[in-house]
Structure formats: structure tokens, C-alpha cells
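Here you get one chain, nothing else, as C-alpha cells; it is the form predicted alone.
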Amino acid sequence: MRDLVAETRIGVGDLVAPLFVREDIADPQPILSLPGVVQHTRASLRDEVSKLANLGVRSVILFGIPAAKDPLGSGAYDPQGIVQLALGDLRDDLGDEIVVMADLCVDEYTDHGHCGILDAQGGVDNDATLELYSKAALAQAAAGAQVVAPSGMMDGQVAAIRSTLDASGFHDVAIMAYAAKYASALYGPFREAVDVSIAGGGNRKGYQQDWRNAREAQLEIDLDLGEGADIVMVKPALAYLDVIAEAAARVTVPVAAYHVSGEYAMIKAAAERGWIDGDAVALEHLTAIKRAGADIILTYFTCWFAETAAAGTIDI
């Protein structure tokens, strides 16, 4: 009876798997703060995505870790950059069987850890950075990305990327904008995963959103929609269910939410200590995000969910 009258259901098709691919390793490398998640080689990434596709997962999003970093983050737009090569691998393997997304930022590729070009004062130059993002979007689309996901929170990034893609004939490549991305304390494990530290102990509060503000998030979402975003994202997810719910009630495009590394790691750490039932809490988190209105959920629990759903050992 509870299942019959349940208001919210979550399925494998709602989830996107964030995956990391690294340039200079021979074997997958575990990420200590993200138990069960690894930095993949190109070969192991191909195996992982084929496995996910066979489990019914419909989409993955790629993050790259280059062998070398520089002030401009040139690996983000190099046609031979690690993500571009991995995109080509996955499209060769799976074609349109799975939607391949690419995170579009340069922080993984810069030696200073910021999401753009630095000015003389050490701050991020918003307008100069847009050119980098446009070049990265073009490289990702040419490599086979069906969705590019600008995450740097630069003003005007969606318009610049859309213009570049359209001018180059990539009209069908969608943009999933990190429209409401907060300057959250929940990103620590992710930064370990992509080997990022911000030079001089700095932060990204100058361009990511103040976590105390909700109305501002809706303004940012509207700006991205006006520039041509096809999907808008709220990040993190669980601490911002109010933002997700309001966006879902207002907009007519799909709303994505990123259940981020810190949200995943806290569940894993507490479960390891026997303080919680990790599987039950993970399902509760994901269902809450769906209940709030998210159409798409990026989560490190994607493989676990798909495996346990296929085995019939999870009550969904």
C-alpha cells in the first residue's frame, strides 16, 4: 500500500554518474575521501561506462585531470586533452546509447586552481575567461560531447558558449548550466579527486554564490535561461532543496541538481562507523532531491543505485 500511494519515485534514468579520468596513470587510482570512486585511465573509463550503460544508466559527466597544468588551463581546450580523448573513446564505443556530458571549466587544468584567467591583482578576469570557455566548449563538442556543462559561474558564459557552438555548426549540443552554484564547504573531496588547490589559500567567493542567498539563485537561473541554457543546475543539492523546489516551480526547462562529493562522503564516513544505514540514507537523500523537483540528479551513488536496483535489493 505504501508503494501504491508513494508520491515520489526515483529511477536509474534520473541519475548521471560523475566520472574522473586522469592523464598520467597506468591503473585506476582510488580517491580516499570518496570511497568507491576512482581516477580512471582511458581504458578503465571505457569499461566503467559500458558497465553503467548495461545497468541502464543513461548519462555520465566527465572531469579531467591533466598531467601538467598552466596559468590558462590549456588542457581544457586542447584537442588532445584527456577529456577530449575520453569523449572520443566513449562515443566510439557507445554512440548515442548513453548521453556523454563534459564539465566545462578550467580549474582542474590551471596551476593556480581558479576557474579562469587571473588579472594583475590575482582575481579572476571574467570577460577574458569567456574566450577560454568558448574554446573548451568547441573542443568538447568536436570530440563528441552531447552536453557541455559550464561550471565556472562567469557572467555571460552561457551566451558566449552558445554563440561559439552555433557558429561552428554544433546547434544540437546542449548546455547544462551550473546556474546556481554555491561557494559551499561541501566540495573538499572533489578537489582531492581532481588534484586542485587554490593558490595562496584563496577561495571562489568572488564568482560562486553566497550560500545565504536564495533569491539571487533564481536571478542567476533566469540569466542563464535568457542566454540559451537548455538545462539549469543547482549545486550542492541537499542543503539547497528550497532553491531546487522554487526553480522547478518556475522554469520550463529540466532542472538538474548535483549531490556533491561532501554529501556523498558524509554518508560513507558515517556508515563506515556504523552510525547510519548508508544505503537507506543514500536513497532518502536522492528521493528528497527528486521530491524537491529535480529532473536530473548528478550523484556518486549512480553505480550503487543501478546495481542494487538491478539486483532487486533496494526499495525504490
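Numbering starts at 1 and follows the sequence shown. In this text the structure is predicted, and so the values were computed from the model without any measurement.
The following text describes the form predicted together with a small molecule, which does not appear among the structures shown.
Trainee: At the 4.5 Å heavy atom threshold, is residue 105 in contact with the small molecule in the predicted bound form?
Mentor: So residue 105 counts as contacting the small molecule.
Trainee: Should residue 260 be counted as a contact of the small molecule in the predicted bound form, where contact means heavy atoms within 4.5 Å?
Mentor: Close contact exists here: in the predicted bound form, residue 260 approaches the small molecule to within 4.5 Å, heavy atoms only.
Trainee: Give a yes or no for residue 300: in the predicted bound form, does one of its heavy atoms lie within 4.5 Å of a heavy atom belonging to the small molecule?
Mentor: Yes, contact at 4.5 Å.
Trainee: Any of the heavy atoms of residue 162 lying within 4.5 Å of the small molecule in the predicted bound form?
Mentor: Close contact is absent here: in the predicted bound form, residue 162 is far from the small molecule, nothing within 4.5 Å, heavy atoms only.
Trainee: Out of 110, 129, 151, 209, which one falls within 4.5 Å of the small molecule in the predicted bound form, going by heavy atoms?
Mentor: Result of the distance check: 151.
Trainee: Pick from 100, 186, 217, 141: which residue has any heavy atom within 4.5 angstroms of the small molecule in the predicted bound form?
Mentor: The residue from 100, 186, 217, 141 that makes the contact is 186.
Trainee: Okay, which stretch from 260 to 268, 64 to 72, 42 to 50, 244 to 252 lines the small molecule in the predicted bound form, with non-hydrogen atoms inside 4.5 Å?
Mentor: Contact criterion met by 260 to 268 only.
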